[in-house]
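First, one chain by itself: the form predicted alone, in structure tokens.
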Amino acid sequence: MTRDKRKPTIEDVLELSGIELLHPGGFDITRRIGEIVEMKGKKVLDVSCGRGILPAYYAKNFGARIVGVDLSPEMIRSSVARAKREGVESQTEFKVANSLDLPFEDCSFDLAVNECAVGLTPDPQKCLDEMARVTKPGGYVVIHESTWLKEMGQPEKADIARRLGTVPYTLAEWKGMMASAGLTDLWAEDWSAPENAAKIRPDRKVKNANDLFSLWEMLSSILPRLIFKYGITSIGHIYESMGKVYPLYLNGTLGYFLLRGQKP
């Protein structure tokens, strides 16, 4: 995916906001991951861990030992601070690392998880290859990602990916990449229902793109940061992007899937 760095993506805005935003399904899908892999007490690698909200959830709710990695030093600092605040410092460890070149030996973890960030990478296949490499035989690799449910022309798909900041694939393509990473017993669960899209933030229901942020959040932090980094014209572009992308999740063009594969 090529992008114009002068035009922010929706993912850029979510990061600039500094607000805890989740994926479709919210904590429900995160809890579901812990259930389908029997996470209790296991050593887990969380790839692209962001601000540490999900590693803290795994540690508190499943008693797992979590190593979180992210390319951003700022995200890692936030993750360490969150772990301290939530009392899970002894169960967590965080490192700056590239998901395409994980700094771990083969077969180091009971399972590897990536929540909605494989499509953000420049090489999703390499990311899945790395996750599978560091997982022990018999362990699982689990992801959830935006997924095309209806056909669109390639130019339209490319435009949506540029606006999102992440690349959706069809379910067959996601499964194909997991199989190419050497994973077997592939399993998928559909989380495309509109009520799951409404759970993207833990503190409010999101019925449409305008519900993502409050007016105060927009005026006090998001718009000033957006203008400072990308210029005044970025505001119109991002509103246009939200108006194009979010309805696709509501009308069944874009969906959301949880996928699991096992390392033989």
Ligand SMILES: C[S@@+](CC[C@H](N)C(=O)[O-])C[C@H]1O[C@@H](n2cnc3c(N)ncnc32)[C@H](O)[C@@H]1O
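Residues carry their position along the shown sequence, with the first being 1. Bear in mind that the values here come from a model prediction, so they are computed numbers and not experimental data.
A second form of this protein, the form predicted in complex with the ligand, is not displayed here; the remarks below concern that form.
- Contact annotation for the candidate site: 50, 71 and 99 all lie close to the ligand in the model of the complex (heavy atom within 4.5 Å).
- Contact annotation: residue 22 falls within 4.5 Å of the ligand in the model of the complex, judged by heavy atom distances.
- Shown alone here, residue 130 lies farther than 4.5 Å from the ligand in the model of the complex, counting heavy atoms only.
- Of the heavy atoms in residue 117, some are within 4.5 Å of the ligand in the model of the complex.
- Contact between residue 54 and the ligand in the model of the complex is found at the 4.5 Å heavy atom cutoff.
- Residue heavy atoms within 4.5 Å of the ligand in the model of the complex occur in exactly one stretch of 154-162, 119-127, 172-180, 135-143, and that stretch is 119-127.
- Proximity to the ligand in the model of the complex, taken as a non-hydrogen atom within 4.5 angstroms, holds for one residue of 167, 83, 149, 75, which is 75.
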